[in-house]
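The chain below stands alone, shown as structure tokens; this is the form predicted alone.
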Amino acid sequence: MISTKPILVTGASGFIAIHTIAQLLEKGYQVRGTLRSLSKENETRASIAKLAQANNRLELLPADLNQDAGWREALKDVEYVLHIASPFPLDEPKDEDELIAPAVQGTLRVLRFAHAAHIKRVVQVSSNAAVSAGHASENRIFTEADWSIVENKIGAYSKSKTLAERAAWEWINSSENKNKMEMVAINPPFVLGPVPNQNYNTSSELIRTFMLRQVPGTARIKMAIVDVRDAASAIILGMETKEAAGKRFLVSAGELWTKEIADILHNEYSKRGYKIPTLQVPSFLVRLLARFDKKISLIVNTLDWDYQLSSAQAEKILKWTHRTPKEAVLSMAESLVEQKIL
């Protein structure tokens, strides 16, 4: 049965959040979204309106992960919380705490305020970055039983997602959770699919870079991919599925090497005048270039890493289905063209 109480979605202006809110509205839910400030309200409403009719069922309120202000009001009369807000920058920050502090403290802040408001369940949107990072020498299938190794140099984003999810589970299983509030973690990998506005996100940078031919070729890197629409449906299933309580769910549609992504784009867009770089740069050369380029040095550890993510648990318990990685790639590229970002 559809809840008559509002569903709270944190970070409502984000890529995944916009698609999640649209799907909630399509299903008939009342939605309340949080924004760091209401300066983004009109733009967020306009982006959601392209995907679904709100009909007065969407409310947007200010609440910042770094502050207590606003959370009590945001959680009033709410039954479920979908915690999607988390910083995802394009570049490695000078200080990793710029990412880690809001991710960890923000998650704990949301959980504590949700608990005080007697929320039934929180769906924490984590990441594959909390599952397989730091395991780059291990060519195997990863499952929800795996955790990223923060002691290895995994980058600030992966570290922030890992520490935030670990802190969330510790809190849920602690004596502080007197109401036995439930939690579900959804762990998507690289999220592609249609972008809803001109604020292109970090995920779209790879496709944008290839489409604009900003690199001479591709490095030999494998990427697990999910379409944003399927990541959103998994988040909602994590809220709706009774048996999901207390579990993590990897939601990957499959893996593509960056060369395969470039080939998919080349086959579709070369006839439209786009010159996609399909040359594969030898890994030894990428390692050499990494000595002089900080951006390249971030990817060196994942060169030639042949792995898979298992979404068997999501398919079995959540009854989750997904589009192909190819469809996710092409739908993102097409939306970047439509939004005139390219």
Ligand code: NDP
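Here the structure is a predicted model, which is why all the values come from computation and not from measurement. Note that residue numbering follows the sequence shown and begins at 1.
The form predicted together with this ligand is left out here; the points below concern that form.
**Student:** With the partner left out of view, is S252 within 4.5 angstroms of this ligand in the model of the complex by any non-hydrogen atom?
**Tutor:** Residue-level check for S252: no, no contact with this ligand.
**Student:** With heavy atoms only and a cut-off of 4.5 Å, decide whether P87 touches this ligand in the model of the complex.
**Tutor:** Within the cut-off, so yes.
**Student:** I'd like to know if S126 sits close to this ligand in the model of the complex, meaning any non-hydrogen atom pair within 4.5 angstroms.
**Tutor:** Within the cut-off, so yes.
**Student:** With the partner left out of view, is G238 within 4.5 angstroms of this ligand in the model of the complex by any non-hydrogen atom?
**Tutor:** G238: no, not in contact with this ligand in the model of the complex.
**Student:** I need the one stretch from 309 to 317, 63 to 71, 269 to 277, 296 to 304 whose residues put non-hydrogen atoms within 4.5 angstroms of this ligand in the model of the complex.
**Tutor:** Single hit among the candidates: 63 to 71.
**Student:** Considering this ligand in the model of the complex, which of P102, G134, G155, P194 comes within 4.5 Å of it through any heavy atom?
**Tutor:** Of the candidates P102, G134, G155, P194, P102 is the one lying within 4.5 Å of this ligand in the model of the complex.
**Student:** Hey, which residues along 175 to 191 are within 4.5 angstroms of this ligand in the model of the complex, non-hydrogen atoms only?
**Tutor:** In sequence order, P188, P189, F190, V191 come within 4.5 Å of the partner.
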